[in-house]
Structure formats: structure tokens, C-alpha cells
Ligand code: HEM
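In C-alpha cells, one chain follows: the form predicted alone.
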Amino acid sequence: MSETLTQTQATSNIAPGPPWYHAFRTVRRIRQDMIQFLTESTEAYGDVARYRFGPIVLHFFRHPDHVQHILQARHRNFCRSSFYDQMKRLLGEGLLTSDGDFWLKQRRLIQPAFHRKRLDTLAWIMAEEADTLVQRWQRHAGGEPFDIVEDMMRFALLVAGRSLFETNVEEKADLIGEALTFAQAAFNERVNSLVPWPEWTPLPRFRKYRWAIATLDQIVRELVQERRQDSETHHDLLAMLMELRDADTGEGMSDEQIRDEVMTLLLAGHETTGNQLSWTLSLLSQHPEVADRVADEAQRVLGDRAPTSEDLPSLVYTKQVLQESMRLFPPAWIMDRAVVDDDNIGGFVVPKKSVVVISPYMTHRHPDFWDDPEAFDPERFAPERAKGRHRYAYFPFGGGPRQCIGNHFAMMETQIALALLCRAFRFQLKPGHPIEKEMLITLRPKHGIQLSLSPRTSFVA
């Protein structure tokens, strides 16, 4: 991407970018490798780049100031784009896809269910499922390498299922995983397609896409309906959602609204957590000294017992490792917004009805805010080094009013799991195994993560 800036671009407040007639070439490069495309874009144009695709104008912003403008300072001027409209086919009008007054009403209604004190009561579920995973992995210790991604996804799904429904969804885990994986891949293909084929197209992959959505929808609806018919008292997240009442009207959520929020929490939540743990163990397998420190901290804080929510503030280094993992491999790696009214970002005109794109993956590597940005260094998040860092140099959970409502849940779950796994095992990446990114809605390991395990019998002093 070495196009020379035109004289008009250089002297006006229109952001730099390639000429309009390169649109098809740009689309082709985006489809080939979006991250590589964004990397080349920053090399050619800096923190702001403008692209035109026929009537559509798109801006990519990388600087934390620009991210703050979009997510926080002027968030009302940047609404969900058509990308999220397509996601509604799967997630309905949940918090991830809804917008405007409806989103605000739902967010205010649901927020109390995710208060830290309420989430603390779920820590035992996370610890129990993590311990079950440790016991299952004992059979792999000393054996051949195996792909951990499926187990990470299953662990996160079981935690989500029990936290939402007090129900073990293990018997449905394979079906949910298969349906979600195919729905994501097919969705991504439709979004990136030069010809956006309608969903009813009678081709095998579109039939399976419809099957995936129908399968997930049926599973969630059945769980909600079963609860409506259950007279017992429950203390899970579903019970909290069903008990919530609007402060002004006294109305609760309809079954359709509950279905949409449950679908969002169950699927989006377990997908991002499973990916985060997979990437983290991949990094630890390549940096055994870091894994040793996590194991030592877990042994010092926990001894041989299971963790509780009270232990989390003491698992300081474990949290730093997870933060650094999310800096390098943020599960929600890219976001876009539609511009409501004309705006100005970084001195550049951003017209209404255009689209802005921000990427935690790219901003987390901005050399002005991160030394040696490609290196894995959990100490970046030590208080003395993090002090004064731009709030939006790091935003794996988004930011502003729409920051992910499940961020504390996710951090609790991953801290507990990582502490127990590192206390039990050492990890070694299979020699020659390729670590590549698959850029779906979330950032997945394209070829899985092949690790071998050995039991940990000693700890760093």
C-alpha cells in the first residue's frame, strides 16, 4: 500500500487514503488478511486512513485519542453499523446488537445482575469447572501433544451454562460448539463477500448456516421455557434477568428479550473467554519463565485449595499475564460504527452515513504507547509502568457507555482457570505447530493450539 497522496489530500482536511478506483483491490486484500491490510494501512497513512467503496466511505482510526472520541466523548454520534444488523439474525436485540433508547433501557435494566458482589457468588462454579478440567487433563500429562482449543471452549461454555441456568450443558456442548463455529464462519463469509448472497440461497453452506442459527435458537428457547415452568427458587443469572423490573414502568423483560440477552451472554461470552485462555496458554508455552511465576503465585496464595473471589486481588501477576495476552490477542479484535452526523476526528472530516473502524489489535501495538509492542511482557501492567498510560491505548472490552457488561465475569473466570492450570501443569508447544490468527467475529487460533503437558511438582522460590 504505497500509493502517493494526492495534492488535495495533502492540503485539505480529508484523511489520506488510496484513490477511489483501487476499491476492488482494497476489498480483495481485506478478504485475504484483514490484519495485514490494517498493518499496511498504518504504514502507508499513519493513524488515520480513508477508503471509498462506491458510495460508502470508511475511515480507520488507530490513535487512542481517536478511539476515545468514538467510544466515549462523542459516542452518541456513532451507532451500530449494518454489520451488527446482520448479527441480529443470531443474537436478536441483545446488548451487543441493539442501539439507541432500547439499548439504554436494557443496559440499565441488566446492569445490576453484573454487579461485582453478585458475580462473586459464581466464583465457585468457575473454580469447580476449572478443577474438573485439570482432572481431565491429567490423562494427557506426559503424553502426546493435543489441541487445547476445544477444551477451552467447552470449559467456558460449561461455566456460562451453569452461571446462567444452574444447568450442566455438557451434553449439548458439542452441538453448540459446532453450530457456533459454522455460524461464525458463514457470517464472516457473507460480510466479506463482494456479492452479499441472500441467506435463503439454496447452497449447502447456506443451508447449514440456517441450521446453525435454528439449532442455537432452539437450545436457548427451550432453556428459557423450562425455567418459566419451574416453580423452584434459583440464584443464577437467568433468575436475575427474569426478576428484573423497569424502575419507571415496573415491567419485566419479555421471553423474546430474555432469549436475546441469554443468547448474547451464552455464546458471545463463552467464545471470547475460550479464545483468550487458548491464546494465553500458547504464550505461556513459549515463555515458561512466565508460567513458572504464575504457578508460584498460585501456590503461594492458594496452597492446595480452590480459589475464591477473595483470592483474586492477590493473584496480581496472573491478572497481568491475562491483560498482556489480551493486548496481543484481543478476542474482540475489531469494531465498527456508523456515523450519525458529520464529525471531525483528529482534524479530519468524517461525513455522516460513513463508517469508522477501530481495532484493539492495532491500537494495542501503537509504538507511541507500547515499547517493543510485539513482545510478550506482562510487567507492562505492573502499576508503576501502567501509571499515566492513555485510557484508550488498551481497550479489550471496548469502552465508554458500551463497555462489555461481562468484563468482570470474564476476568474472574480466566484468573481462576489460569491459576489452577499453571499450578498443575507445565506447557510445551508442539515443535513446528503453526500459530496463525483466524479473523472471524472473534480472533481464533486458525490451526488450534497443540500443547504437551507435564505435571508440575515444584515451584519457583
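Nothing here was measured: the structure is a model prediction, and the numbers come from that model. Residues carry their position along the shown sequence, with the first being 1.
Note that the form predicted in complex with the named molecule isn't included here; everything after this is about it.
S.K.: Name the stretch: of 293-301, 216-224, 94-102, 367-375, exactly one has residues whose heavy atoms fall within 4.5 Å of the named molecule in the predicted complex.
M.R.: It is the stretch 94-102.
S.K.: Which residue among I405, V48, L38, L420 has a heavy atom within 4.5 angstroms of the named molecule in the predicted complex?
M.R.: Comparing distances to the named molecule in the predicted complex, the residue within 4.5 Å is I405.
S.K.: Please identify the residue among M362, A332, I345, L241 with any heavy atom within 4.5 Å of the named molecule in the predicted complex.
M.R.: It is A332.
S.K.: Looking in the predicted complex, is the named molecule within 4.5 angstroms of a heavy atom from every one of K319, F381 and I449?
M.R.: Looking in the predicted complex, the three residues K319, F381 and I449 all stay beyond 4.5 Å of the named molecule (heavy atoms).
S.K.: Is there a non-hydrogen atom of R154 within 4.5 angstroms of a non-hydrogen atom of the named molecule in the predicted complex?
M.R.: Answer no; every heavy atom of R154 is more than 4.5 Å from the named molecule in the predicted complex.
S.K.: Residue-level contact is defined here as any heavy atom of the residue lying within 4.5 Å of the named molecule in the predicted complex; does T273 satisfy this criterion?
M.R.: Close contact exists here: in the predicted complex, T273 approaches the named molecule to within 4.5 Å, heavy atoms only.
S.K.: Does P64 reach the named molecule in the predicted complex, with heavy atoms at most 4.5 Å apart?
M.R.: Residue-level check for P64: no, no contact with the named molecule.
S.K.: Would you classify R107 as touching the named molecule in the predicted complex, given a 4.5 Å non-hydrogen atom cut-off?
M.R.: The answer is yes: R107 has a heavy atom within 4.5 Å of the named molecule.
S.K.: Just give me the residues of 263-289, first to last, that have a heavy atom within 4.5 Å of the named molecule in the predicted complex.
M.R.: In sequence order, T264, L265, A268, G269, T272, T273, Q276 come within 4.5 Å of the partner.
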